[in-house]
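Just the one chain here, the form predicted alone, laid out as structure tokens.
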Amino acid sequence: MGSRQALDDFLAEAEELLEKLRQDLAQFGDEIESGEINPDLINGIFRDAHSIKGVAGMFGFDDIAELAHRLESLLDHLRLGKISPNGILLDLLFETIEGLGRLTRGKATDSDFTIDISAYVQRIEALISGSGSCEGVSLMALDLDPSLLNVLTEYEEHRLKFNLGQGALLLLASVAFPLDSFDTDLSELTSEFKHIGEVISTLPGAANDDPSLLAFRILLASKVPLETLAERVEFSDCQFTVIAEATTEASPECEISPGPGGEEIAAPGATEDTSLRSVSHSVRVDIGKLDILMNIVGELGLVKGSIAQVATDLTQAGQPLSRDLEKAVHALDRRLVELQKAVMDVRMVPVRQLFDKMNRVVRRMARELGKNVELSTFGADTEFDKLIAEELADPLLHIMRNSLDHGIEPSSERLAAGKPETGRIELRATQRGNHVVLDISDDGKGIDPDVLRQKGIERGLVDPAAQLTRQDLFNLLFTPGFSTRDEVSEYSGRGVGMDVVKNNISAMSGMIDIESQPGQGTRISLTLPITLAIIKALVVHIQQRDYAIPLTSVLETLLLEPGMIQTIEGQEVIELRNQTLPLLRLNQLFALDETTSTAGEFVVVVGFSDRRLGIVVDELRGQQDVVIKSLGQALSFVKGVAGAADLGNQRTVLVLDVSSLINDTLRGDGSLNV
């Protein structure tokens, strides 16, 4: 293997191809269940497997290239109709992709890393050995020029036979386009044909008398009758020749062998791409480089603020050029806002990437647990920061495992309880302002608060005489070492998990909530900021120190007047619109020297969803864009602080972690380790 940069390039390309394969296989699995198989999807999977083989061979990874070659052969048999699309095939495809992923990940740390791929090869060869095709269907009876048949590829000939065997209407469309626009015109016509059938092949047309035109012939299998075809195609000069009439019965000679344990699934026609050009124009960029760019944008914002202050000072001093400087500052501010938005857009990724990974986890784990589970996803196009997506992967994986292992019952129990045999898990993403909410819900057996209470008493976490709310009992799940399982399994029962999940979510300035009904199911909600890279913050002043509060969590501010504060069970509160709002004093939390009275204080009301908290401060300094910097591993134990930020003029402030402050205050834990 060559340089580290070459290895990184291979890993980036291989990882991208493998991720696309996983997404396409998930879609292929849905199409198998519906019986509507799109040949273009299979062709795309085949091409990506071929690409992995090529790039692995180029970098000298023979084991990856060999396994990818076997996968390519299996997919070639699939697209030629020699293997039935069924669950056994889908599982083998997923497992082979995971084998390729394991090899690829191993190369990241050791270029000589390898695994035994013989088991994959044997299973692939065993499945290939059971084959069938449409070879019994003859093309000789077609009203088609033999010269056209001779130029068809093996795949195109197979698709022609398949559609003929399925009784489709086969047409030859003749059309000519101007030389200066034939590429776009042909693409538009092909797109129209995609809605009425399958484009089997695009061929050069017969000679024409007009040298300014370029002729084409398109072999088409139509889903609509000939009499309505012309009405649906906008190109009026397109002429159709029928080469096979539509029939109502499929030919038994074009049956696909189900293969071992498979079921016969018909594959209706779709379209073939007329171009191999990628529809994506993306460029892979290391997230670290984007972090550097984001930091530069943040620093430019600070510089802009300094220039704005200079402009203000010059205006007050009556300098003649101060107005021109102020105009320049406003123009700079607009451009910085645009630059910040552009950089943020580059960092954004759809939550679909996480959902697709969870789909594979559910499929594999359900099979290992012997449970029937269906996963449904909603809002997969919702976007958030790539770094948050990466940090969220492990917590979400643990929650999904809990739903499958703890929540979803075996089929026999579900049927006895009057539930459908197949359990259901939903992943739903929604954007709410500057936050993304992920809901993970299942229709399993739910969480019994009485069981939680009993486990809490057994572990000395709950006073038997204490009166706890349902939410108090659910919060026990986040206690280190707490588990409702008496036995240890591969997936749960070790008492390690939900506390780590909560800590990880809190580290991202997020919140986690649990709702559950025994016998009906459980819903876990994760509320996360869209990004942590650069945020708008409210700068507040407390005891001669400044702090930054993320503006996304600030609901309102109000002046704290004498007589407003009451004390309930040792907790300071105020009445705000007929609701009790608990207060938190940062000077007490951080043990600051008190040098001012309560007169003139302000309350910053922060919150997520229906959870509210009032933070008492001395002054409101104003809003400012800040870039959050981590405190580092050495200060990771500090609670209530999300990081630090530079405000310019050599001033660095702490950024408050609002979610942890709300959680600890509302739970009654008034002491944070700082």
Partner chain sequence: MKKILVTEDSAAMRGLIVSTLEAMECFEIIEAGNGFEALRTLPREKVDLVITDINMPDINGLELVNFCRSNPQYQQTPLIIISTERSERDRKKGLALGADAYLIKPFQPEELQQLVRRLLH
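So that the term is clear: the rigid core is the largest set of C-alpha atoms that superpose within 1.5 Å between two forms. Please read these numbers as outputs of a predicted model, since none were measured by experiment. Residue numbers count along the first chain shown, from 1.
Not on display, but discussed next: the form predicted together with its partner chain.
Just one of 341 to 349, 357 to 365, 164 to 172, 442 to 450 has heavy atoms within 4.5 Å of its partner chain in the predicted bound form; which? Looking at the other structure, the answer is 357 to 365.
Position in contact with its partner chain when the complex is considered in the predicted bound form, options Asp324, Glu154, Glu458, Glu245, heavy atoms within 4.5 Å: If I apply the 4.5 Å criterion carefully, the residue I get is Glu154.
Quick one: of Arg424, Arg79, Lys386, Arg585, which gets a non-hydrogen atom within 4.5 angstroms of its partner chain in the predicted bound form? After the contact test, the surviving option is Arg79.
Thinking of Val55, Glu72 and Asp183 as one candidate spot, does its partner chain come within 4.5 Å of a heavy atom in every one of them in the predicted bound form? Yes, all three are in contact.
With a 4.5 Å heavy atom cut-off, would you call Ser525 a contact of its partner chain in the predicted bound form? Close contact is absent here: in the predicted bound form, Ser525 is far from its partner chain, nothing within 4.5 Å, heavy atoms only.
Can you tell me if Lys194 lies within 4.5 angstroms of its partner chain in the predicted bound form, counting non-hydrogen atoms only? Lys194: yes, in contact with its partner chain in the predicted bound form.
How about Phe59: is it within 4.5 Å of its partner chain in the predicted bound form, going by heavy atoms? Contact with its partner chain, yes.
Given that the partner is absent here, does Arg621 sit within 4.5 Å of its partner chain in the predicted bound form, heavy atoms only? Judged by the heavy-atom cut-off of 4.5 Å, Arg621 is well away from its partner chain in the predicted bound form.
Given a 4.5 Å distance limit between heavy atoms, list every residue of 308 to 344 close to its partner chain in the predicted bound form, or none if there are none. The stretch 308 to 344, when checked against its partner chain in the predicted bound form, contributes no residue at the 4.5 Å heavy-atom cut-off.
Would Ile200 count as moving between the shown form and the other one, using a Cα shift of 2 angstroms or more after superposing the core as the test? Yes.
Relative to the superposed rigid core, does the CA atom of Arg217 travel 2 Å or more between the shown form and the other one? Yes, the C-alpha moves 2 Å or more.
Gly60 C-alpha moves between the shown form and the other one by 2 Å or more, core aligned: Yes, the C-alpha position differs by at least 2 Å between the shown form and the other one.
Shift in CA distance, Gly44 and Glu374, in the predicted bound form relative to the form shown here, given it is 3 Å or more: Relative to this form, farther apart in the predicted bound form.
So the CA-CA distance for Leu41 and Phe378 moves by at least 3 angstroms in the predicted bound form. Closer or farther than here? Compared with the shown chain, Leu41-Phe378 is farther in the predicted bound form.
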